[in-house]
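We've got the same protein chain twice here, in two forms, each standing alone as structure tokens: structure 1 and structure 2.
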Structure 1
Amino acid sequence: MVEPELTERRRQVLQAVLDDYIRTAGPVGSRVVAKRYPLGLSPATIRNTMADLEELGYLTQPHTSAGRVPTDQAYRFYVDSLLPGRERGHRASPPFSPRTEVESLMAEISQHLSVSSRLTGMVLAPPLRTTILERVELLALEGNRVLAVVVTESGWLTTKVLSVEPAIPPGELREFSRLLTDRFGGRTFESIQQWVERAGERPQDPDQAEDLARQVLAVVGERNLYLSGILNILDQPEFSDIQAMKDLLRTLEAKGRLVNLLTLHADSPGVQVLIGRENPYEELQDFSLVTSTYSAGNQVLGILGVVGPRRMPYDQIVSLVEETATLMGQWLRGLNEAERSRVRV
């Protein structure tokens, strides 16, 4: 039995194995570590240390006489040791075009994550249900169709074509918009939804505002997940196994699981790393997620991050995700403030 301390030497050797494995994706032998990393130790010593590390649960051998491969525990150690007190790298900030739509911002941020990491980037949009509606504008189209423009306090903007029955006379649209804004403005979508659901209990005359609200709320469903660079996964050498890859791609494309995982796991502020089996979903257990919440002011809005093989350069990726989250927050805060200085129609 080995005493269970992680001495300095063991730490160094472990780090060397991690580095090399992250580079090469292949089992790391004692000779390679001795040559490539100037620890001043002979292969034999390193072998002994590696045996200790194996017993401590940080390394495994794919088979009796192969090199060592890091376990989830090793990655966890690596990540935990680098998370506190890390100086900010000066990363070139992504070339965002000065668009104003939040939707395209999300898409661009996701793109940025995937390009910078060469992995798959993800941005989970804020949940609409807790967002506060600011105002509603209606615009006449033709017949009994109107375009509803919904503006939220966080600067979000959604449009939806509604069917109204009976048709609202074009002259009254403006008035009707004001009516909707008065009734629903300043409330969260959730509370509006509850209000609509309770509507059955109020046996008044049929209320057209209620009907419109119902139609608008249909948009509020799932939180939108922006993914990009899914195919970067294909470049990972570990995917000689085509079946596992298919499963993963399908999971990513379906998005549902990922949304669940993000909302359930990664909702506490700051950067989170979920490594391999720490992850509840089987198709994702060969992968790691690095995520961070992003917020405007003190309110957590959504989650963004990166998915990739367990073997990833966590230091860089963690920095990337953290900085991107900060950036996103700044951007949204900027938007938010601009939005507050609102102008009445």
Structure 2
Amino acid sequence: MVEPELTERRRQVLQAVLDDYIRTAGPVGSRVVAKRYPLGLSPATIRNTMADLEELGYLTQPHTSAGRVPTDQAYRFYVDSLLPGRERGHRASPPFSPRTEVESLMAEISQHLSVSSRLTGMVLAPPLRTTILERVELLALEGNRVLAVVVTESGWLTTKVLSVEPAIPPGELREFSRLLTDRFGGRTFESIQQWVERAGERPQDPDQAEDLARQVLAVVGERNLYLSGILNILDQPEFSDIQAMKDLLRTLEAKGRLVNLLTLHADSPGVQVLIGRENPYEELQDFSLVTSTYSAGNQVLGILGVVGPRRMPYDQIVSLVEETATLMGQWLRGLNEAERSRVRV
């Protein structure tokens, strides 16, 4: 919804300042706006309008003799009011195949987001806390290795190779699969993860069955975050300062804050934009995140997106993230169907 105090003239000037600052990263003056944008306004009128926008909290002036730069409030206005009416381009599909392994697919998707945005791409892999377990399959491999197959109600399949001592016969593994499915099928991954954490706090040594149960069910709590193009952000003028660069690298390499932040948005379908100080984590308040859930049917499988400076071309990034999330859901459904056929017993 457009703020009532923003007249048509103020909206035009604000959009011009936003567009110019996003492109150049430099403070924008009234003469620049008058020269570059066909608004039909004199530099004096634009200057007065920019002063009004500063008073309303949409612009700020870093130095008294400099031009203005947008605030978080301006970017929020841009995202909420200017983007819906703009045309969105259609990009060619990235060269991914449903035959790609899960880990490779996640890494390639994050790289695609990074290359296309020239910022940092990220993919939070399934599962998320609201995912519901359907069944567990345990398949004997060579030696003491076991393939754990965890299937969700939405049909998403996750596999992991586990080690057990001593080796368990195939017949016992099938029975143990049935017991795990009977006990935990229909429960959310969040509640299962709580069981795993409580089991891990027990002081006594677990027997083989309980140890295997912990290993299998721990799979539902794994949340791998794939990041690509971290160094792209360092090319942005905002982070030319050495200390800012160190803080940025430390934050992105730790990943924990980003994982928690993305997980919080798992309940919000579609594209979400988090700008600057809207971020609950102080160390991420110099950045914006554009994210989208990707789904199979009605079940959210994960989240992907782009992180970059607040000065980013939101129209292009929103389009990129939205299109990639749609394709991601399609590819994962194809990948999942192929894997389900391969491990069916």
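Numbers given to residues start at 1 and step along the sequence of structure 1. All values reported here derive from a predicted model rather than from experimental measurement. Here the rigid core means the biggest group of C-alpha atoms that line up within 1.5 Å when the two forms are laid on top of each other.
Only structure 2 of the pair represents the form predicted on its own. After superposition on the rigid core, the Cα of residue 231 moves by less than 2 Å between structures 1 and 2.
Residue 187 shows a C-alpha shift of 2 Å or greater between structures 1 and 2 [criterion: core-superposed Cα displacement of 2 Å]. Taking 2 Å as the criterion, residue 118 does not count as shifted between structures 1 and 2: its C-alpha moves by less than this amount when the rigid core is aligned.
Superposed on the core, the two forms differ at residue 164, whose C-alpha moves 3.4 Å between structures 1 and 2. Comparison between structures 1 and 2 places the CA of residue 175 8.7 angstrom away from its other position, after core fitting.
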